[in-house]
Every structure is written in structure tokens, then in C-alpha cells.
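Just one chain follows, in the form predicted alone, and it is written as C-alpha cells.
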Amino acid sequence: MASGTARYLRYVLFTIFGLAVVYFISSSSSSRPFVPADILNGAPVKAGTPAADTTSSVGVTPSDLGGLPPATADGPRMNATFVTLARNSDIWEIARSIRQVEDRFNRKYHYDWVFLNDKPFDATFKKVTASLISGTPHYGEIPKEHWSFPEHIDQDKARKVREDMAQRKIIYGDSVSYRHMCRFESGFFFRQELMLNYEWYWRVEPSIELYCDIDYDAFKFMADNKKKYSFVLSLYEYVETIPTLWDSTKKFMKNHPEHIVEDNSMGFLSDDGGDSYNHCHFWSNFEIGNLDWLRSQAYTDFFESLDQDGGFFYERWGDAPVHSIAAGLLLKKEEVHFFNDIAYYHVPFTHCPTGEKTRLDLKCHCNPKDNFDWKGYSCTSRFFEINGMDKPEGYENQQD
């Protein structure tokens, strides 16, 4: 009897001890701060580097190009949203993009998403997208005046231009809807009623891929480091689509010298101090940017000057060179950022981060051989050069 009682007491004591150990381990693991991978691997901690935490997941940005300080570790989310221009027929392509963004980034932050369409969104589009987004989705219909020919456009002249471009097989040369899209993205998406609620935007297109984890708040990084526009891919524009865009730009510069900032990025846009355009532009299907800048008097004057010249319809001006020229002239060089660590694909180009350690730390699944950054048709090298930035280690191996 005594031995049985002793065994029972030992069992109770072991049980209590085991429960205490489990409680201690779970408590300590949930309360200890997140430690970046480079610290775990024995790398020294930089002075002034704030520790990230598991609640915000906002830590040191893996992209240390240019010696930028990290995003602030603590604090509320930014007043920001994703924004997508899509048709109802794009549903499964945009569903793929949403999963990419949610899995790699937004599941940690739950930012909103604004969808815009020149037609009403149908029930299927809303049901599917809402089920995938961790933030709050919003759906807006574009006003007709933002998706139509302005009154000053000569419709007959515009039609003849489209016919000529079709014969010359210029990409989207005969498309009316593509021209409306380019004009809308250049001058109106940020003026939509739903967008007026936000200060920052991240543009997402159908059928994109994000190849790496994004373990910090990219919006907060932009704000903390006083950035207003960012990109991951840059290249030369089709010359045939913008023959007079730079002439219109020079007219704007002459009429509005007050908007042209000192220490701008003219060297990215021109090889001869502004006399001609070298056709370099940031690929605008990926952008993280500041909406207040796009709604500023400087950008408004720039867009309206271009719009009056009619090149969206008399040629085929794209929103990418329009945004890029504006960023290059109306912003200081240091206000434009290249996200090496945000790996991205939009047919046919890939940005895969340069640097093996970066790719491994961020759990990337892109092939570095596909990286477009250092190829001959990319303008990213020029961006590095005008900003006096050292190119990331290993870029030489990706130039062919």
C-alpha cells in the first residue's frame, strides 16, 4: 500500500514538473524578440539597428544598398493600400497575384486593397478576391471622364495613328483601351475616391510573382527613409511609341522651372544634360510610391501639360516613361529607391536579387540567371552610377 502511494506521488510530481517545463518554454519563446538571420549566424549587430519583433515583423530591411538606415522597428501600420486595375475577366490572373503578395508579405501586415475597373465588378470577382485578402478589399468604378477621349483630341487623327501603328506592328499600337489605361495610370488612378483615403500605394498587376519573403514593412521603409517612388526593374522604352514625349517634357520644363528640383535624376533620363531622352524608364507595373506626391501641384502640372499635347492618343505614350520622367525631374535622386530584395516577375522580365546570401536569407525561389538588372537592355546600372552606389556583389556574373 505504501509503495503504491509513493508511486502515485512520484507520478503527480513528475506531471507537475513536466507541465511547468512546457509552460516555461512556451512563455519564453513567445516573448523573446525576433532575431535577424545575420545575427543568428554570428554577424555583428550594427550600431543603432533596432530589434524587430514578432508582432510587427518590421525589422532591418535586407536591402542595405546605399547604406540606408533600417525601417523603424515599432509603430503602427502606414496609411497604405495595394491598388490594382483589373477587368472581371482577369479574376484568376489577379487571384494568383494576390496569393503571391499575401504569402510573401501581406499576411503579416493586412494592408487594404483597392480594385479599379472601368466597368462594375461582378460578384465572382469580389467573392474570390475578398476571400484571399487579409486586409479590407474595396471596389471602385472609374468615372467615364477618366477613361475616355478628352474633348481636345482629334478622333480622326487618333484613328489614323492607330492604323499606322497596326501596319508597323507596334505593340498595342492599334489599341484604344491600352491608351485609356496608360492615360488613367499616368493621371487619374491616384485621384479616385477610394484612393483619396491613403498616403501610400503599391501597384499590383495580374499574373505577377514575388519570389522572396519580404520580412519588413516596405511602406514604412519608404516613409522612414524619405522615399517617394520605388522600382525593381528598369529598361528602355520602345522608341516608336514616344517620338515627341521628350519635346513635351522640355516644353513643360521651360514653362514650369519652379517644379524642377536640384539634384534630380536627369542623368538617368538623358545622356546629354537634357537635350534628348535616352528612353530609360522604371517599369511601372511594380511601384511603391507616395500618393501625396502624385497629387502635388508639380505632378499635376506635368500630367496636364502632357495631356494637352495629346501624345497618349496621337502616339502611344505609356505611364511608365511618364512616371519615370516625373520622378527623375520632380524628385531628388535620394527620393527614388531600388528594392533589390523584392524579387519580382512580370512577363517577360525577372528581377531576382543579386547576392546569394540575400536570396538564401529571404527564401527566394527565383533563378539568378534570369535576373534582368545587369543585362544590356536594362537601365539599372545607370541608376546605380548616377547615385554613386556600389553594385551588389556578383553582378558581373549576370551581365550576359
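Source: prediction; values computed, not measured. Counting begins at 1, following the sequence as shown.
Missing here is the form predicted in complex with a small molecule; even so, the following discussion is about that form.
Undergrad: Contact between residue 206 and the small molecule in the model of the complex at 4.5 Å, heavy atoms?
TA: Within the cut-off, so yes.
Undergrad: How about residue 181: is it within 4.5 Å of the small molecule in the model of the complex, going by heavy atoms?
TA: Yes, residue 181 is a contact residue.
Undergrad: Test of understanding: in the model of the complex, would residue 357 fall inside 4.5 Å of the small molecule by heavy atoms?
TA: No, residue 357 sits far enough from the small molecule in the model of the complex that none of its heavy atoms falls within 4.5 Å.
Undergrad: I'd like to know if residue 117 sits close to the small molecule in the model of the complex, meaning any non-hydrogen atom pair within 4.5 angstroms.
TA: Yes, residue 117 sits close enough to the small molecule in the model of the complex that at least one of its heavy atoms falls within 4.5 Å.
Undergrad: Only one of 83-91, 255-263, 153-161, 229-237 has heavy atoms within 4.5 Å of the small molecule in the model of the complex; I'd like to know which.
TA: Answer to the contact question: 83-91.
Undergrad: Find the only residue in 246, 314, 188, 147 having a heavy atom within 4.5 Å of the small molecule in the model of the complex.
TA: Answer to the contact question: 147.
Undergrad: With the small molecule left out of view, which of 308, 124, 177, 297 would have a heavy atom within 4.5 Å of it in the model of the complex?
TA: By the 4.5 Å criterion, the partner-contacting residue is 177.
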